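Here you get one chain, nothing else, as structure tokens; it is the form predicted on its own.
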Amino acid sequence: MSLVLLIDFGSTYTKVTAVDRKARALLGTAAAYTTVATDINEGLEKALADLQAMLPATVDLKNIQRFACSSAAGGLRMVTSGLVPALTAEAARLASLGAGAKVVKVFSYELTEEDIEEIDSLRPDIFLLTGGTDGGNKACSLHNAAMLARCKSEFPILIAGNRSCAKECEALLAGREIYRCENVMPRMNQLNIEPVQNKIREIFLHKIIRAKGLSQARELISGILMPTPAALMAAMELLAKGTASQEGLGDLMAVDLGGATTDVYSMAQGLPQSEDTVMKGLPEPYAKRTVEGDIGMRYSAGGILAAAGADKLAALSGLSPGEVEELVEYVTSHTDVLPQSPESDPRLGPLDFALAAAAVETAVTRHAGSLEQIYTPMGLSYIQTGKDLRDIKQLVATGGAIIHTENTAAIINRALYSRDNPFSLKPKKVNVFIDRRYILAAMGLLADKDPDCALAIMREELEFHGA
């Protein structure tokens, strides 16, 4: 079938995109408020009606193939545990983020009674239990499995640690919903996160959708394929690498600025650029995602204020620090307010610019690597933590506060290297591509079925801005 409908059940909006695969063309997009609290079909049907009204009468959206992703009802919430914070615990975090999850807590070493109480209060969608290389430490994983068995709440547990004790962990967790996978770090400093990511996606498909109320929409779609951040990740990897018949853009970074979180993606190896620099910690995955759960334009506006400070937001907005604090409190409790509304406070426009600029700067700084000077008998050297992204030439931006403003360039500029923070390894100079029509998640879905079509549409539709 040539026509396909791509659906993104977002936490705020349900977005629908119609594509003609044969023509490799975008037919139209529309959005409506997500109605997961009542019946998710209501928002979907409203978006479909709006989209149908834009299309020729010959296109019937009721009779075409449909695929969907979702971050509705909080998305995929995960808690992970590992042995050493910088090793297996970090490997577990990277695996979860790369699968499209929101990691709400990472535990290291042995779980305590207080940790179990916190896990019960967090009520994760999936718990990822890791720890130890294959044939290495078993005690931590066995202790944590025994502790998890005492949790009062029910959630799937994915065991992906030392294979030598995986069966014993299963026995300790008997009666719970358990899945086993390959170790996320089978040998010291060796990541093996793709099998875990595939298993997380499988659990999402078969278990989490029902818990989120999305099973109500099953009869209207061919399948919910992945969490929305995983769709974004697939789109970015396709855009960077290309296909056998189409060239990609090469190494790139993407920023998705939302109301509750800010996600940053990088498609690059990010290795040290000079002989006097050595890497610290685990090797970085080529396709990396970080999510800043405390940084967002509405629900997490207070997190931006805490990270940047009232004085910085005041300088960016032209408001006083007192006005900034007052307005941040207001938008946090009125998450649906938009500066474009006629009845809105005129100060909201400058505030939103300041929040967006500070959010992008904070999130990209956290995502990018950094350098630390050290003095050795051979002279001055450097330790690199994370990815060196200074030579990335392409940056993709999406999110309402970025695409619905005339200040896009000024906001994106905060993602770049600054002499104010000389040891941050952020990009120095980039071409910018803006996702004005919110198509990236849809193209990530399409990439699984028709990568050439998805890439062609992205190259056509993303709004290009030179360096």
Partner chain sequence: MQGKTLILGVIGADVHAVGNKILYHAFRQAGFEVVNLGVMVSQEEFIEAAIETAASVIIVASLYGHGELDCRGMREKCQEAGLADILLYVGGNIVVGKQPFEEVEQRFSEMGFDRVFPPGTLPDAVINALEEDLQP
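Positions refer to the first chain, counted from 1. The shown structure was predicted, so the numbers you read here are calculated from the model rather than taken from an experiment.
Not pictured, yet referred to below: the form predicted together with its partner chain.
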Check A86, R187 and S381: does every one of them have a heavy atom within 4.5 Å of its partner chain in the model of the complex?
-> yes
Quick one: does N137 come within 4.5 Å of its partner chain in the model of the complex, counting heavy atoms only?
-> yes
Contact test in the model of the complex: T133 vs its partner chain, heavy atoms, 4.5 Å = yes
Report yes if any heavy atom of V278 sits within 4.5 Å of a heavy atom of its partner chain in the model of the complex; otherwise report no.
-> yes
Using heavy atoms and a 4.5 Å limit, would one call I374 a contact residue for its partner chain in the model of the complex?
-> yes
Residues in which of 187-195, 98-106, 295-303, 308-316 have heavy atoms within 4.5 Å of its partner chain in the model of the complex?
-> 187-195
